[in-house]
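Laid out below as structure tokens are two forms of one and the same protein chain, each shown alone and named structure 1 and structure 2.
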Structure 1
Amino acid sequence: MDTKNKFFNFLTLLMSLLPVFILVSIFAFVFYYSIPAIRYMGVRFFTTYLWYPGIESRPPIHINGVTAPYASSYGILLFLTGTLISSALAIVIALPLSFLSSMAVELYVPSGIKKFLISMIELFAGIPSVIYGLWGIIVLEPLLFHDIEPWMRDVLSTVPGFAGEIYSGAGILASGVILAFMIIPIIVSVMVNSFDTVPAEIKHGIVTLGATKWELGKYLITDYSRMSTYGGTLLGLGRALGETMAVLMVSGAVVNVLPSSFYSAINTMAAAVASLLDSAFFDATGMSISALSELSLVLMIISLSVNVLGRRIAGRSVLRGEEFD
């Protein structure tokens, strides 16, 4: 092997290891800054929803070898709850819409405009999240507040979670709808790529046996491409878990108040980091920064786990548009 090939192989290996190095470095950085909060709060970090920076006029306290503001408390139960509820609602909304969109593109749209339509759907993933948030404030929140949420309360008041006071339209429902719109392109892309990997003779064979296009689509989703559908859903969930700006704009961004119904304002882990970061720098002990670092660490672990699981389930062949095995 000549010198040029050796250099090229070394450079390729170096570039392939660079993302791993960056990811590990970020994880180590966040973990290092989380250590004081881990020692200060312990398990209570996950069991309480009180996030209180403490009393600056009182001398700081010393617990487990770390210094923290007097009477300070850092609990992520509210943020964790808001993240899980809004993301789950987004999946509930996005999955059937993605299913119908994928079936329409694959089975009903003429092949001549299929690629163009898929490109248009995927372009939605490139819209800045702040645009989604602005649309949510101007259009979605008034619609929820004046029309949809009052109707839901009147019709579903006997169902737990649907009775209660309606506030401003911002909250769980708005966050779930916004996130659903943001993850639909991801799920649709994986589903359509999965459909394309199904051998044409299988599709023609099913239709020849008398199946309708709808029955063919159900077979592709529930049987042949089932695992890819699960994987695409998890990839969408990974995006929803880490979304920041759009959710911050429409969630209500409450602190220290657990949601009592689907109309309640909430907060999520990613949105909390963005909204609380400025004030955290005024903490002379540095504990607020450490607590936000631990919050980021938890979010990073959850998001990476969901994304890795989704990619393993969907399979590299589907994500790259290669032939189905």
Structure 2
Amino acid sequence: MDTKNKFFNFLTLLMSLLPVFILVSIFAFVFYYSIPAIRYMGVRFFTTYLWYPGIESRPPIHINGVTAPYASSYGILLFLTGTLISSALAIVIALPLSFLSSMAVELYVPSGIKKFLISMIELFAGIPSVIYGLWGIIVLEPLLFHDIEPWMRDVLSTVPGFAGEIYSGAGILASGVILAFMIIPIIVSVMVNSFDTVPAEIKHGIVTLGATKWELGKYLITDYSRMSTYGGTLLGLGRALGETMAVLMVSGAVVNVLPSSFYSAINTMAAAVASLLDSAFFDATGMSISALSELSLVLMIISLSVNVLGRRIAGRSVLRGEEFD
């Protein structure tokens, strides 16, 4: 083999390693930048929800060998809670809708429009997140504020979390609903795929035994292909955890106020990084940026673990509704 080919082979190898290099660099640098915050805040980073950039007019303080603005505090409890609640809510909304719609698409709907419906569901994954945010602001928030949330409060007033003040439509519910539509295509994709890959003999066998469509669908999704269902749900969750712009636009993006009910405004880890970074530029000690790096690091570890686990369990990966085996 001549040099040109050797070089070409080497180049392809190098390029195939590029994603590894990028991912490792992201981890390494984000970790490196988090070190001052880790030393400054320690465990309090996770146990306090106070995010306060400190008092600029006072001289900075020195703790554990690092410098931070006077009285500054960087706690992510609120953001962590917001991310977990909004993602959990998204799953609660998305899972039944995905289950019902993939079953309808596979078993009930005339085969002529099956392709159209699947494309429609996939399209939810392709809509840019700022568009979801815009729609959330102009359609969903007023609807939640004026109609749905007051109604929920009347009906569910005795259920904890559903009583309380309604300040605006932005908050946990709006975030959960928007996130749900972003992850439905991922879950549906896995469910539809698991339908399609079940051997025909098994499907025919079940039908021959007298099962109804509903029993067939329920059995396949919750039993025969349940690992795919779990995996798909985790892949969806992984997407919800890291979503930034849509949530930033409809969550209310609060700081330092813990939610008191499902109508409260929240903030998530991803949205917090996006909204707090520009003010962090002005922190001369660099501690705010370090704290946001640590926040990103924690977010990345959570969301990547969920994704890897989902990929492992589902046996494939689904990116924005696109199937990758």
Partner chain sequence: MKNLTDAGEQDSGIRWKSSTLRNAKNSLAGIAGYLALLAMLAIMVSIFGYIIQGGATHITLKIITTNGNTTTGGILNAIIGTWLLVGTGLLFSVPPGVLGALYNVQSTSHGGIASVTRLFTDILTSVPSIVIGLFGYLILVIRLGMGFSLLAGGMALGIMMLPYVMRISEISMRNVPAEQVNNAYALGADTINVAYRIYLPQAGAGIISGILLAIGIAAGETAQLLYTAGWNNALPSGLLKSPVAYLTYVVWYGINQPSAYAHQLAFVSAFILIIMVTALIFISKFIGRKGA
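Each form is matched to the other, and the largest set of C-alpha atoms that superpose within 1.5 Å is called the rigid core. This is a predicted model, so every value here is computed, not measured. When a residue number appears, read it as a position in the sequence of structure 1, where counting begins at 1.
For the form predicted in complex with the partner chain, the corresponding chain is the one labelled structure 2. Asn9 shows a C-alpha shift of 2 Å or greater between the two structures [criterion: core-superposed Cα displacement of 2 Å].
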